[in-house]
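Just the one chain here, the form predicted on its own, laid out as structure tokens.
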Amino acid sequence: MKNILEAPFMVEMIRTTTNMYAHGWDERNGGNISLLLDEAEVKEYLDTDHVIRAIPAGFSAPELGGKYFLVTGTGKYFKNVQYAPDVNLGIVRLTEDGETAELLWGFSDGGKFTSEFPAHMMSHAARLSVDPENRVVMHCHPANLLAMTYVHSLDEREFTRTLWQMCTECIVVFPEGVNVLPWMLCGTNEIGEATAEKMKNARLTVWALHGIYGAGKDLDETFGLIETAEKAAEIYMKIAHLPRVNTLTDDMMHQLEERFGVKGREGFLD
């Protein structure tokens, strides 16, 4: 077997968690990531017949039965992933009924996957139903997006339009816009179900007064989505109290649509 710590997916997960912590998005044990893995690739590094222990998933997702995920652990600090990946990360395989996670590697201190695991799996299922290439669900607490939910309308059209107006690249990077959930109790199946529903038509869902969920084809794309939205929110928070002399108009954004071959969410531009 190859050394799993040298697996490309492991190297990239360690780099990403470290970078997210450095950005200030994942204080303490805030935030979590799950990465859908290819079975053939996993088998290059692990004996998939050897199950360390079974962990109840806390929900049922038969559509994900048999799939493998690299996921961050509950109560684990992103800053420590690079130093002890086998403690802070785990690779699990969902049973065919989608009700149990079989631990194949990691969580060596007896820990388990993030408390947001149900929300992650439900979002994976939702994104895969509209984009078979989706592989990542990422949750974190970017300060400016979080701050924005305290002072801005949570209407999805208005929230999205504000972000689009802050940076020329925004409508190009997330033309489908940003969905928004009002505050809900985290770590529950209810917020997982609500997030999954939002994920069906957008890759970014803001949890008001809490953080954001992002999804994408790989860790780079998902990180970049959140990074772009957070940069836009930062600009907004710097200028929200000032009179706006200039702005990106709808006409300018229509020009961007044509130039970059994207289409903003229906009804979000005049």
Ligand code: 13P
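Counting begins at 1, following the sequence as shown. All of these numbers come straight from a predicted model, not from anything done at the bench.
Absent from the display: the form predicted in complex with this ligand. The rest refers to it.
Enquirer: To verify the annotation, which of these, 149, 165, 100, 74, has a non-hydrogen atom within 4.5 Å of this ligand in the model of the complex?
Expert: Checking each option against this ligand in the model of the complex, the one that comes within 4.5 Å is 74.
Enquirer: Counting any non-hydrogen atom inside 4.5 Å, which residue from 153, 115, 144, 82 sits next to this ligand in the model of the complex?
Expert: After the contact test, the surviving option is 115.
Enquirer: Even though the partner isn't displayed, in the model of the complex is residue 29 close enough to this ligand, meaning a heavy atom within 4.5 Å?
Expert: The answer is yes: residue 29 has a heavy atom within 4.5 Å of this ligand.
Enquirer: Taking this ligand as it sits in the model of the complex, is residue 67 near enough to touch it, meaning that at least one heavy atom pair lies within 4.5 angstroms?
Expert: It does not: once this ligand is placed as it appears in the model of the complex, residue 67 has no heavy atom within 4.5 Å of it.
Enquirer: Does residue 210 reach this ligand in the model of the complex, with heavy atoms at most 4.5 Å apart?
Expert: So residue 210 counts as contacting this ligand.
Enquirer: With heavy atoms only and a cut-off of 4.5 Å, decide whether residue 161 touches this ligand in the model of the complex.
Expert: Flag for residue 161 set to no.
Enquirer: Thinking of this ligand in the model of the complex, which stretch from 220-228, 53-61, 30-38, 235-243 has heavy atoms inside 4.5 Å of it?
Expert: That would be stretch 30-38.
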